[in-house]
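Here's a solo chain for you in structure tokens, the form predicted on its own.
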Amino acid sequence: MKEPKQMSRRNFIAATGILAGGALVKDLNAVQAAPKSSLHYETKKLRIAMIGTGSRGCDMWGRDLVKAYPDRLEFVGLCDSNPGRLEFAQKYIGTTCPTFTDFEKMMAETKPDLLIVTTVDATHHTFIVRAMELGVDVLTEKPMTVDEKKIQLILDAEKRTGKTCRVTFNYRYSPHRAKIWEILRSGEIGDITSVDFHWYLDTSHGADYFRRWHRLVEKSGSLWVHKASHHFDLLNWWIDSDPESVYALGALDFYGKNGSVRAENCRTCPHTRSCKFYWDVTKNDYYRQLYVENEKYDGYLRDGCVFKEDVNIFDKMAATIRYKNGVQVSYSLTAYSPYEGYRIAFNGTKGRLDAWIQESKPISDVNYDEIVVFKNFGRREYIQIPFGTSGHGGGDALLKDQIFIPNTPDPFKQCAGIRDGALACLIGIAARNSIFGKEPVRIADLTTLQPEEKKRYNRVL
């Protein structure tokens, strides 16, 4: 048996080219070569407007960009329906740009080159489509949207306007997941025949989805879409084919109506001493300023009770997914696990690739994730990938560099455009429809987008 192979971060990057990727903006001073992706900027910096100033907008797509790329971009407008959050966001992000509660007014007055969409999932399509109609390209948080009708609106807008929408699938960019992609492409385990993929959300992170607006299927599309679209995008990218059909089961067995006690939110709950899910949002200064101090404008409670009766999403899910190239996937998600992470195994004609990633790790001297490659009639090989140094497994910084640093190549096909965003959502949408219809759902029946045996990568800015 071979000894585990461990690579330093520097050697890993050199060996895999992990920092390489397709750029969102190729040249801020010239027209693009491809007409569909053409943009011409009159100024040196990329002019950005953002709609949605919640936590993700303020941090990952706000303050972090201002700090990391001051010479490459500038915010020209921020928009949110909550004026209090807007005021906080402007200061927190570190910009003096104007703020708006009217989206049309912001777009008309600021004339951005790029719109970043970080609103409630169910509203993404509204701003994506309208920005395209106004001649503006879009960068949107996942999921791209929440149902098949909204996906069709976005597909039609792309065709009608020639503009593009990039979806921020940062999971593709973590060194560990990129290494899996590289091993699969190398043919080490032969042709992929089936995949076992099981994701576990713990009683901290998992529970948080049930405190927030995500607990409502009409706003998030359920965890099938909001959370699992990340996982389905990874599968589509790794398998290198499009999903063809989905059969699913799901239930709400732990949160929501299953609780023995409940309240409107943690701060008003009489059961704080006995409830293991009690969370004092006011102890987090950032959340206190962003959410608690601005509840008076819209009534949104960041510390909602995980056992509220209105919870209507599933907390356990399982699906069988068939791909156009014949690969079969067994997928599950559990939202009340004692630990967070995932197990994945790819079965191939020459062997098998296994990985078990525990994201809520105990303190230890281990500073790597491991991949095990088993060869039929041969030895197993252990490959150790150093932890990433930015959020989401090291993917956040690499994703943003790829978007905002011009002329960056994309050897790992990590750029995710409208087709990628749509297919990731459509698996979850099909799963949701399958549960209600109690039968398999064909992806081709949902929109005009037709699955292909070999994945067709988008050309995005």
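Don't overthink the numbering: it's just position in the shown sequence, from 1. Just so it is clear, the model here is predicted, and its values are computed rather than measured.
Absent from the display: the form predicted together with a small molecule. The rest refers to it.
Using a 4.5 Å cutoff between non-hydrogen atoms, Val76 does not count as a contact of the small molecule in the predicted complex. When the small molecule is considered in the predicted complex, Trp213 lines it closely, a heavy atom lying within 4.5 Å.
Not displayed here, the small molecule is kept clear of Arg72 by more than 4.5 Å at the level of heavy atoms in the predicted complex.
When the small molecule is considered in the predicted complex, Arg262 lies well away from it, no heavy atom lying within 4.5 Å. When contacts are defined as a non-hydrogen atom within 4.5 Å, all of Asp80, Glu141 and Asn170 contact the small molecule in the predicted complex. The contact with the small molecule in the predicted complex, taken as any heavy atom within 4.5 Å, belongs to Tyr291 out of Tyr291, Trp238, Phe314, Trp199. Contact annotation: of the candidates Gly62, Gly421, Gly395, Gly52, the single residue with a non-hydrogen atom within 4.5 angstroms of the small molecule in the predicted complex is Gly52. Only one of 131 to 139, 115 to 123, 341 to 349, 175 to 183 lies within 4.5 Å of the small molecule in the predicted complex by heavy atoms, and it is 115 to 123.
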